[in-house]
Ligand SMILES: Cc1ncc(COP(=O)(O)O)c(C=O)c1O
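Starting off, we have a lone chain in the form predicted alone, written out as structure tokens.
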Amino acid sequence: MSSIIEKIERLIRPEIKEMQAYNVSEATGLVKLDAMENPFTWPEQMKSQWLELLAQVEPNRYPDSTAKKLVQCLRSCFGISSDLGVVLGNGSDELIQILIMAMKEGTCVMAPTPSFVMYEHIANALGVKFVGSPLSEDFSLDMPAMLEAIKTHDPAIIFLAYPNNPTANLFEDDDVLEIIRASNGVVVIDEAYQPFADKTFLDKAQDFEQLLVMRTVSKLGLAGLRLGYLVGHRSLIEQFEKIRLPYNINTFTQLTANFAFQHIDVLNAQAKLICEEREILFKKLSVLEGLQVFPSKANFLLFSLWSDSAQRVFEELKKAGILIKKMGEGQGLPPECLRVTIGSSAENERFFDTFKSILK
């Protein structure tokens, strides 16, 4: 006789049972260089002012459901035209979910591979077909293959991470524009790492009705807030706004983001410092034998080991108190790949010295 659990499990969609949960590594007590976070805290005076504001919050009340002040602050801070619509998400992950949920049954989602894993993960969770179009060996877009895939599958949504994660490179502007023009559906330019790339398609959002630009404030130094925003033509944004859950941006996030964007110069200075540290670490890794480190326009470096095991190096670094990211096999990357987030100068030096002593 079947148990209640067995009966309930039969109600769960088969594709959900086949999925693996998205796991986040435990980092307590470790130098955390695995999640592309900003390593810098706020100046003490700025932190004190923020805490004074938090004390005024009434947590017994619902937040502003449309976060009007926050949207206006985003427009002012990042130069978003009043002609464009903005929808907010609890991180860019929720925005990806909203986009895919809005599309008709039987459509598909497409992205170059390897790319941000949540495009495929969320599509699978919603029972939507995901089509990956492999990048070229140099991580550029394989345009003949990509255009053929668009023609064959006619995707409802194409996600282009710009810069790409995990390869850290920017795609050629002309290639991106060609994909936008070839698509019958929505093309989402995911600019999660824009603070470190100094390039954007936001200025093109008014030129193409099918173009959406998505950003998160996580990499800028506000990962704990879980805030993302999507920009595009108002008529299109209005459709996604319909299925955004009410109160998805909580009061503390709204207040903190508003405050932080009034001090955008502090966040921008930190992003500039991270870029400087990235180039220092890139040069130091580049002279080591036995690996290839790839150029980056993000706040992390991807590198491939030629004569060592990524698993061994990952474990030895962890034993030494440093957590980086071991890339999975079969993702369209070279073998034995690791990814390290750019930390503070001291963290980067500790990582490099330890890595150098470990590397065979």
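Position 1 is the first residue in the sequence shown; the rest follow in order. Quick caveat: nothing in here was measured; it's all calculated off a predicted structure.
Omitted here: the form predicted together with this ligand. The next part is about that form.
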Task: this ligand in the predicted bound form: contacted by all of Ala161, Tyr193 and Thr216, heavy atom 4.5 Å - done: yes
- [ ] Note which of Pro114, Gly221, Gly91, Gly232 lies within 4.5 Å of this ligand in the predicted bound form, where distance is taken over heavy atoms; exactly one does.
- [x] Gly91
Task: Residue among Thr256, Asn165, Asn248, Ser183 with a heavy atom within 4.5 Å of this ligand in the predicted bound form - done: Asn165
Open item on the list: Only one of 80-88, 114-122, 99-107, 275-283 has heavy atoms within 4.5 Å of this ligand in the predicted bound form; I'd like to know which.
Closed with: 114-122
- [ ] Flag Arg226 as yes or no: does it have a non-hydrogen atom within 4.5 angstroms of any non-hydrogen atom of this ligand in the predicted bound form?
- [x] yes
